[in-house]
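Before any questions on binding or motion, here is one chain by itself as structure tokens, the form predicted on its own.
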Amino acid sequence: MMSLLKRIFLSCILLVFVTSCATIEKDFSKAEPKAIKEWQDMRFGMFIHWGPVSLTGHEIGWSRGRETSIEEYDQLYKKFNPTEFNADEWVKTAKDAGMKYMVLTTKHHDGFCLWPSKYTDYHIGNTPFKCDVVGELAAACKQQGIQFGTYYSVCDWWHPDYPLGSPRGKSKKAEHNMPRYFEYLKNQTKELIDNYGPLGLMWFDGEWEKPWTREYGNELYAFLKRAQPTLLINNRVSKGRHGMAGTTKQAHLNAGDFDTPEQRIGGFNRERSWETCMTICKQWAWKPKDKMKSKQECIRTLLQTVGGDGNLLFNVGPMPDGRIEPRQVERLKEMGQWLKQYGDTVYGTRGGPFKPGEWGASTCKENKIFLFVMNWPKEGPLRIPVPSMKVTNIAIKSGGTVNVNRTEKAIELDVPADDRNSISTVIELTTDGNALQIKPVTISKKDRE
């Protein structure tokens, strides 16, 4: 009898374990399709790296113990008083740029929090400024129709319980308690959802360090999904990211809803969602006289990214007084002016079917294909392979005329030199079916010449 009861007991334990594992696996098998689609349709968002470090003009987190001594860095918050900060202006800048969502560094590797967290004293509420930056931005985003998301670093070189410290996580703390730090991290991320949610996404970073394990990452992912099922979480929550390329290895083992190429445009990929994060200047945090990307470079970066079926999270670093640098505001406004004219070729589209290349990029939506021709052949027309669906009409959207010649294997497109746009000549192809069903193809160098 005892043996039978023992077997029943063990079977129950095994069933609970298997069910638990299946639940965790389901939690990070994939995001809610509706949430992913809505996020993909936005295509363009604002990344913001900001904090007391702006007083120095050096990089956030990374300059602690390097350009700035740890002692000085950790006291910067006592002088941080960005009285010109205006959440409505930041959100308006994003809207004027044509951005649809925003992600703020609520806590970077330096451990400082831009909201008055009840789990630490190292936060914005204890600065001379005192205002809840996260709360004001979340409210302004809601008011102006921008989706709000939070960046949160899983490594924390300031926190006494996290095993590693500055500079760059290269030092080891004599005393630490990673399990206790993990509870701190869970409490803070849940606090962000509870106080400022529902959030569009939570963007993690700092997962490459040894103290952070796959088990921690997957558990955190499942924990946050239970708190908000519609929340999107990037692949840096776990250990699957493949370097700066940002792609996920072993997605069946590592949590994360989308990949994160950094400071580069991701490769064409319709199978797994991705988002390029890139700076408008060189540095993530504000730096005086930092080199800024040209209008052409900014817009082409967006088009090449969307053409590969990715989103672009474009970073600004506000100044110590709380303003986004005026020249950055102006550059973003130029992007927004372009999108006011051609936004239908970006928002709500999918990448392809002509893969991005030196020639340019393409997007598609319903029965439309949009070509962004950035570099024309030195001689003759641009030749694109005949798609597997009939093209019923071809028109130029960026002004002027387009000359079309159809052959058995290619559609030849030519636009007079005076009608070629310096940023991108935009050409619209109409098909007799859903253009997303066309198999993606590469425009080879041979086709371009």
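Sequential numbering from 1, following the sequence displayed. Everything quoted here is computed from the prediction, not taken from an experiment.
What comes next is about the form predicted together with a small molecule, which does not appear here.
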Going by heavy atom distances of 4.5 angstroms or less, which of Glu136, Asp96, Glu262, Asp290 would be at the interface with the small molecule in the predicted bound form?
Glu262
Pick from Phe258, Tyr221, Trp284, Trp212: which residue has any heavy atom within 4.5 angstroms of the small molecule in the predicted bound form?
Trp284
Residue-level question: is Cys277 within 4.5 Å of the small molecule in the predicted bound form, judged on heavy atoms?
yes
Just checking whether Arg168 would be counted as a contact of the small molecule in the predicted bound form - the rule being heavy atoms within 4.5 angstroms.
yes
4.5 angstroms heavy atom contact with the small molecule in the predicted bound form for Tyr151
yes
Evaluate His49 for contact with the small molecule in the predicted bound form, applying a 4.5 angstroms cut-off between non-hydrogen atoms, and reply yes or no.
yes
Can we say Arg64, His123 and Trp158 each have a non-hydrogen atom within 4.5 Å of the small molecule in the predicted bound form?
no
Among 125 to 133, 193 to 201, 106 to 114, 71 to 79, the stretch whose residues bring a heavy atom within 4.5 Å of the small molecule in the predicted bound form is 106 to 114
Cα distance between Gly246 and Pro167, which in the predicted bound form differs by 3 Å or more from this form, closer or farther
closer
Knowing the Cα distance between Pro167 and Gly206 changes 3 Å or more in the predicted bound form, does it shrink or grow relative to here?
closer
